[in-house]
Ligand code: NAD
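As a starting point, one isolated chain is supplied in structure tokens, in the form predicted on its own.
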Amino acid sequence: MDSSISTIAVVGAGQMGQGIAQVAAMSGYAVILMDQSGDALAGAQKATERSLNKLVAKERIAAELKDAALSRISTTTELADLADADLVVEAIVENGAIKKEIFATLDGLLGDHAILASNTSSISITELAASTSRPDRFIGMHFMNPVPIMKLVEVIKGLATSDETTAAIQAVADKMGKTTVYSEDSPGFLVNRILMPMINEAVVALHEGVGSVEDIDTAMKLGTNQPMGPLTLADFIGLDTCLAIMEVLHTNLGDSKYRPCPLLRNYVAAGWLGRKAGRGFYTYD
């Protein structure tokens, strides 16, 4: 059970971190949202309020729950302020070296009972855990985007993750109303091992002139009953994130079928990262 977990800290106030903080607060946990950028924290607070207001307007939650959830979230720009957290969920950029540095720092700050979790979408949990002195209390907790809407959480045990840690994270996910699946600690885990090669192949089809952006997306939406086409989804995820995951798959599995498409590399080099940049495969206002 998660009876020992009452305070959850989230590192990273981007779209994923904001969503995780919101869902945790709605589930009754005290939440500390940390980011080195005060502007990012202010943006996350506004995004949380907007999201909760929409849920109230749609009568999915009561106004009282919105107010209670907002009151449970505090923010900070200092990792040291997370010292009393029972669970820390890291949700920063998909860069192993930066994640390891943060986890090593957190390891020296937190109580012995605290659990460290990464929202990484592709990086080895065992490798990240090795940067700490508590690999038994380290786990992968990969939320789907947008977190308040998507029901799935991938749970990934590292080589040393204990059954007690796994049970505690399962209880947290249950309390959040999430459905869990378990993946081995393999590059990309389950979702991105399957999803990212599909997105990459859609970019290859565009690169080779097999079809236009619109036709590729329409073909996959209507031909395979997906809610959005792969290029729209790539823009939503962020092309830099898609590229980073493909790089992990290609490097760690060594199979040429995971080689990132040159067009994907070019878009990222140009700063055309998708929705968050105003331009990707589509142009956004």
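So that there is no doubt, residue numbering starts at 1 and follows the sequence shown. All figures in this text were calculated on a predicted structure; none of them were measured in a lab.
The next section is about a form of this same protein that is not shown, the form predicted in complex with nicotinamide-adenine-dinucleotide.
Engineer: Out of Met34, Leu231, Leu243, Val31, which one falls within 4.5 Å of nicotinamide-adenine-dinucleotide in the predicted complex, going by heavy atoms?
Structural biologist: The option sitting close enough to the partner is Met34.
Engineer: Sort through Thr75, Ser124, Asn145, Thr165 and report the residue having a heavy atom within 4.5 Å of nicotinamide-adenine-dinucleotide in the predicted complex.
Structural biologist: Filtering the options by heavy-atom distance leaves Asn145.
Engineer: Taking Ser27, Leu87 and Ala173 as the candidate spot, are all three within 4.5 angstroms of nicotinamide-adenine-dinucleotide in the predicted complex by heavy atoms?
Structural biologist: Not a single listed residue reaches nicotinamide-adenine-dinucleotide in the predicted complex, so no.
Engineer: Going by a heavy atom distance of 4.5 Å, is Asp107 a contact of nicotinamide-adenine-dinucleotide in the predicted complex?
Structural biologist: Output for Asp107 is no: heavy atoms all beyond 4.5 Å of nicotinamide-adenine-dinucleotide.
Engineer: So in the predicted complex, is nicotinamide-adenine-dinucleotide close enough to Gly274 to count as touching (4.5 Å, heavy atoms)?
Structural biologist: Flag for Gly274 set to no.
Engineer: In the predicted complex, does Val248 have a heavy atom within 4.5 Å of nicotinamide-adenine-dinucleotide?
Structural biologist: Residue-level check for Val248: no, no contact with nicotinamide-adenine-dinucleotide.
Engineer: Against nicotinamide-adenine-dinucleotide in the predicted complex, would Ala40 count as a contact residue? Criterion: heavy atoms within 4.5 Å.
Structural biologist: Although nicotinamide-adenine-dinucleotide is absent here, Ala40 would touch it in the predicted complex, with heavy atoms inside 4.5 Å.
Engineer: Out of the stretches listed (90-98, 108-116, 200-208, 130-138), which one is close to nicotinamide-adenine-dinucleotide in the predicted complex, meaning heavy atoms within 4.5 Å?
Structural biologist: The contacting stretch is 90-98.
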